[in-house]
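Next up: a single chain in structure tokens, the form predicted on its own.
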């Protein structure tokens, strides 16, 4: 009588340290900028003027307008530099070939009957969508930070109010992409895939 082999637990996927560091720093910077950005928002709401909706204190960072601005500008640099070095890392390691959407992903969504392949294609499309949204947040933020020096950015969006509105709307867009990105990762690799990025 032969003893049954003990089933082995699925291995946790290994992630590159640089990719982990990017995710850690990006999460901290994004949430710090969101909290400090809402602190700035409350001083002069984008929608409805000073009488418009104000976010509750537990979502804010900075304590007051100047404090919010200091936190926001500090993490703007952290966020921007983090994007820059990760962009260089992705380019020189050719990681972009396996992480970002391509023509084959669009074809898979149209023709493939394999649910895993379609899920993978959607995941890569969402991952790719982060790039223009994060760059848009950075561009509009620069225009708001130095509207005189970067007047061309303000003009590109048709004025100050439109610039503020677009910058503000990048927040729910990023949160939505993060939620979809996490759900797709759970669907493809379960919790072990998500955990692998942070352990």
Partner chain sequence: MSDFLRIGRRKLVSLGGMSLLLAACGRGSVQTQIEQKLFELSDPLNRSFEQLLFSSQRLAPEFQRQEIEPEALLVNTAEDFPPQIDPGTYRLTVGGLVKKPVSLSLEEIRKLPYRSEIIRHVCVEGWAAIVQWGGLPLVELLKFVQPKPEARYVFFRSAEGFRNSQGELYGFYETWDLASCVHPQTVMAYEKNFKPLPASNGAPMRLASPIKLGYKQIKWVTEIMLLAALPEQLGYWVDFGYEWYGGI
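As the structure is a prediction and not an experimental result, all values here were calculated from the model. Numbering follows the first chain given and starts at 1.
Keep in mind that the form predicted in complex with its partner chain is not shown, yet the notes after this line are about it.
Its partner chain is not drawn, but in the predicted complex it has no heavy atom within 4.5 Å of residue 54. The closest heavy atom approach of residue 31 to its partner chain in the predicted complex falls within 4.5 Å. Its partner chain in the predicted complex is not approached by residue 79, whose heavy atoms all lie more than 4.5 angstroms from it. For the chain shown alone, residue 62 is a contact residue for its partner chain in the predicted complex, at least one non-hydrogen atom being within 4.5 angstroms. In short, of 68 to 76, 125 to 133, 110 to 118, 91 to 99 it is 68 to 76 that has heavy atoms within 4.5 Å of its partner chain in the predicted complex. Using a 4.5 Å heavy atom cutoff, 44, 146 and 150 all lie near its partner chain in the predicted complex.
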